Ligand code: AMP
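Here's a solo chain for you in structure tokens, the form predicted on its own.
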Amino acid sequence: MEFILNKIKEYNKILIFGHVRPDGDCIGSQYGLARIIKESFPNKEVIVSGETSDYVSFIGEPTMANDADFKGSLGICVDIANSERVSDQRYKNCDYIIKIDHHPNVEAFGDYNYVDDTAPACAQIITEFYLNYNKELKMTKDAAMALYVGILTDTGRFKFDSVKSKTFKMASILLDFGISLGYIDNKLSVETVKTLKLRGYCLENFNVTENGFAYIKMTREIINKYGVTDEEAANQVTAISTIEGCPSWALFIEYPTEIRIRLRSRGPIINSLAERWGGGGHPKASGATLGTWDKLPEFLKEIDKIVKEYKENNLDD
């Protein structure tokens, strides 16, 4: 972390990158770090480059940097496991590149990597970074809110096994900067009529395999019928997360150019399967690529076997 701090001091222009289809932790880490740097070093130019997320747009909305911004700049990639998922592939044009992440380190890219796969959120790592050097770094209320949202969303609101006492410690430090939990909850919990109707569709039309893997097929036809964004459609993976007897579930979503798998678990380890299907992630929250709908039966066969083996070895669950 000291090396990262020294690199930040060295450069006058810093670009902070996130991943494609960003989530709360990605946007929270980008804006949390950007605001800490800007408050601590007012003369530096800090640019948050990448895609935006409607779900957490109240934190901030990144835009793509200009080509001229890359010359002589420091690039920091946050919450990104592998280089192909950087939403702005021009990041390679930066003078020096740092990766800060909490996913399993499947690919070391850039010039310097700081990876802590025990952290449940990248935003927790950024918070620790501030805490370790708070004599030199300054936190703002907006930065604290961004980081808190990052931790909150990537831990399923503090429900996942990856949450440890350190996570609550970091969250409590951020709360001391005066952020409003009511405001955050209102932004994250309120749904549109369209997404509520889509959730109703998901609850009526999900499927369950022989051994208890629940899944939703989210086709372009359904997305267009309900008039929702791809992001809103993808978030429906939570709709079937509490089914008794189904310790693993997924949403298969058809994007214009590919079919993605949002794979989740309350027990079975799923990231190895995700890696075999062109993806990866955490043991109980991963993403993968289906390819075509014709591949669905093959994937279901593999995940159903994993769920069966898990149940056989965990009779009390």
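Counting begins at 1, following the sequence as shown. As the structure is a computational prediction, the values presented were derived from the model and not from experiment.
From this point on, the text means the form predicted together with ligand AMP, which you will not see here.
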Can any non-hydrogen atom of Ala285 be found within 4.5 angstroms of ligand AMP in the predicted bound form? yes
is_contact(Pro268, ligand AMP) in the predicted bound form, heavy atom dist at most 4.5 Å: no
| request: Would you please decide whether Gly279 lies within 4.5 angstroms of ligand AMP in the predicted bound form, comparing each non-hydrogen atom pair? | output: yes
* Can any non-hydrogen atom of Lys38 be found within 4.5 angstroms of ligand AMP in the predicted bound form? -> no
TL;DR on 254 to 262, 29 to 37, 47 to 55, 64 to 72: the one with heavy atoms within 4.5 Å of ligand AMP in the predicted bound form is 254 to 262
With the partner omitted here, the residue among Arg199, Arg90, Arg85, Lys217 that in the predicted bound form has a heavy atom within 4.5 Å of ligand AMP is Arg85
Of the residues spanning 94 to 111, the ones with some heavy atom within 4.5 Å of ligand AMP in the predicted bound form are His103
